[in-house]
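This document opens with one chain alone, in structure tokens, the form predicted on its own.
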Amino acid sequence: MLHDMTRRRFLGSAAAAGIAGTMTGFARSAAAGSGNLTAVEWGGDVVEAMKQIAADQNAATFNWVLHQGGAGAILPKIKAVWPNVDYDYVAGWEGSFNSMVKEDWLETINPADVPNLANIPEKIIIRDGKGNIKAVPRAVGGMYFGARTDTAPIAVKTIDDLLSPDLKGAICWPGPTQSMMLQIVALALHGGGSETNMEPGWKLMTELAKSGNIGRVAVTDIDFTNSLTSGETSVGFFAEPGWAAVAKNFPVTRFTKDSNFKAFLYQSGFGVLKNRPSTKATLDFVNFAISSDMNSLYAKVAGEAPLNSKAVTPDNLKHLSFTSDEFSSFVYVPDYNVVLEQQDAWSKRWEQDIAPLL
């Protein structure tokens, strides 16, 4: 099994495959001696995956600190003690990383120090305003349209189909606290807009609310899962965990590789903190963790699709695995600074213009 792969076997297979980039960072770290790193991770399967990865190397040892709630909860803790931070890397996503970039807390990543970045899609790498790499992605989840195949009244082929009279009461729509309201960005994109021009999205959202096709507004993941598994609704837009829960017992069509829809990906990855004595050891470990073998292991254990193009994607996550061409065609990466800045305004717009129509 993959997680049983020893460090020796990994090094041997990497050498046999000529994976120079994979070898470089790890070998350098081993030669430089050990590092005792403090890492902030999510709990459950994610930290279990990272512990298994850490067990496959011996260049660094770890003190694991778990996020308490969302990844953003760590931000005030860092701010309170900055610049004397205790964390070598913090696992995060676009929202927390962009906040950390604004505070100038993250090391700039030199690709030469993390050569396995060459196998990560360029489009998803977080940079600062000067183009510097500020975080290292490792995996993705998705927010996207889909349908329960066995109960959907019609085969939904475009966003315009959401307005079909055949879908009366059949759509489960995310509430304003879900998915950063990217569901309305998706409508805006269909209407020729974007996160910086949301009027086409609000126009379509208004038509959809008036249509009577929204049978349930899902405030929580459970709302979404219960609505689709009970058969109350059969079409929707939601994040991967919700779709995965439905797909355990029912056939689901996910529109992640359909040119008539756009999928939104959220990444998990590594933000390497400044002012730490073990930056080199941290970067070496990060490079090791995103190698093809370790990224495959992470996907298998953590349940997030790997981003290394040479990693193995589990069958149940292949709808979130994209070639470079597929990524360009089917995935939309919004300006998350804009998305995050607009959350309050968009929520107020929802409550004022949309909620009364539902």
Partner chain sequence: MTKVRRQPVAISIPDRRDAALTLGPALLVFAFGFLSPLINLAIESLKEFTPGRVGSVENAAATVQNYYELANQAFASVLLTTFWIGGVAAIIGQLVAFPLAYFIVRRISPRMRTLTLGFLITLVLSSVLIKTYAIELTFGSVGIFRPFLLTLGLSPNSREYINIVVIAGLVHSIIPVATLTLIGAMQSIDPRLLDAAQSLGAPGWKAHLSITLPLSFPALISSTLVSLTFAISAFVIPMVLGRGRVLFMSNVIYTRFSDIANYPSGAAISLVMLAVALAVVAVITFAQARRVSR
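Numbering follows the first chain given and starts at 1. Everything quoted here is computed from the prediction, not taken from an experiment.
Keep in mind that the form predicted together with its partner chain is missing from the display, and what follows is about it.
- Within this chain, S99 lines the site of its partner chain in the predicted complex, having a heavy atom no more than 4.5 Å away.
- Proximity of R148 to its partner chain in the predicted complex falls outside the 4.5 Å heavy atom cutoff.
- Its partner chain in the predicted complex comes within 4.5 Å of a heavy atom belonging to E341.
- Using a 4.5 angstroms threshold between heavy atoms, G129 stays clear of its partner chain in the predicted complex.
- With the partner omitted from this view, the residue of P277, P83, G212, P241 that lies near its partner chain in the predicted complex is G212 [heavy atom within 4.5 Å].
- Checking R216, K134, K262, R254 for any heavy atom within 4.5 Å of its partner chain in the predicted complex turns up a single hit: R216.
- Only one listed stretch (224 to 232, 110 to 118, 136 to 144, 150 to 158) carries heavy atoms within 4.5 Å of its partner chain in the predicted complex, and that stretch is 224 to 232.
- Residues K168, G169 are the members of 158 to 174 with a non-hydrogen atom no more than 4.5 angstroms from its partner chain in the predicted complex.
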